[in-house]
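The chain below stands alone, shown as structure tokens; this is the form predicted on its own.
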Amino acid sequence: MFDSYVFTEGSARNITEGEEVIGFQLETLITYYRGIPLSMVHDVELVVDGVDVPRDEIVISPNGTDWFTLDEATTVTTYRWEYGTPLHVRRLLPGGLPAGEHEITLRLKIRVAYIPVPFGGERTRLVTV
């Protein structure tokens, strides 16, 4: 139902810290009609060129400044992911993605009040780095 909100077009890119490429990043919008505390992000999965990214290599940020592993995010109630605001999803990967075209799938599940099971969306995009 909310798949069109997942994985914002044009948001995938390698990221650097200083002179070093430390991974790649993409953005997604929330798959709900209002914001939630970060602790309500149930799961984020990435598949790059047919290979699942290990969960411990994924970090998320509601503001692009403060980053949390997926396990840390389950306890973060002081940061909110607001409707219409991108969630930054980053894979820590020294060197980032090699130059060229890549097929990336983002799966997102969130938990919200009044809905007993996690739900979300999924989108696959071809991106060129």
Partner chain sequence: MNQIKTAVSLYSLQDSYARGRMDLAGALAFVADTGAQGVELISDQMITGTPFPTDETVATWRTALDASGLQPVCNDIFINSTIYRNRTLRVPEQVELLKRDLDVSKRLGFDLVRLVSDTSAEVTEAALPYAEQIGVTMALEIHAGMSFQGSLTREWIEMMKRVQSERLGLVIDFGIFCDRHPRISTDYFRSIGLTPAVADKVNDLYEANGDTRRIFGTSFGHGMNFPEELTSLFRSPIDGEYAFFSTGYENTPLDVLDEYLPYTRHFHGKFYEMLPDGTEYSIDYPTILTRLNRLGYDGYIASEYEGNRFTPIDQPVDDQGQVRAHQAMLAAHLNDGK
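Predicted model only: the values in this text are computed from it and were never measured. Residue numbers count along the first chain shown, from 1.
Only in words, not in the display: the form predicted in complex with its partner chain, which the text now covers.
Of the stretches 45-53, 25-33, 88-96, 59-67, only 25-33 has residues with a heavy atom within 4.5 Å of its partner chain in the model of the complex.
Although the partner is absent from this view, I104 stays clear of its partner chain in the model of the complex, with no non-hydrogen atom inside 4.5 angstroms.
In the model of the complex, E72 stays away from its partner chain, with no heavy atom inside 4.5 Å.
By the criterion of a heavy atom within 4.5 Å, S4 is counted among the residues contacting its partner chain in the model of the complex. Proximity of R111 to its partner chain in the model of the complex falls within the 4.5 Å heavy atom cutoff.
Residues of 56-72 are not found to place any heavy atom within 4.5 Å of its partner chain in the model of the complex.
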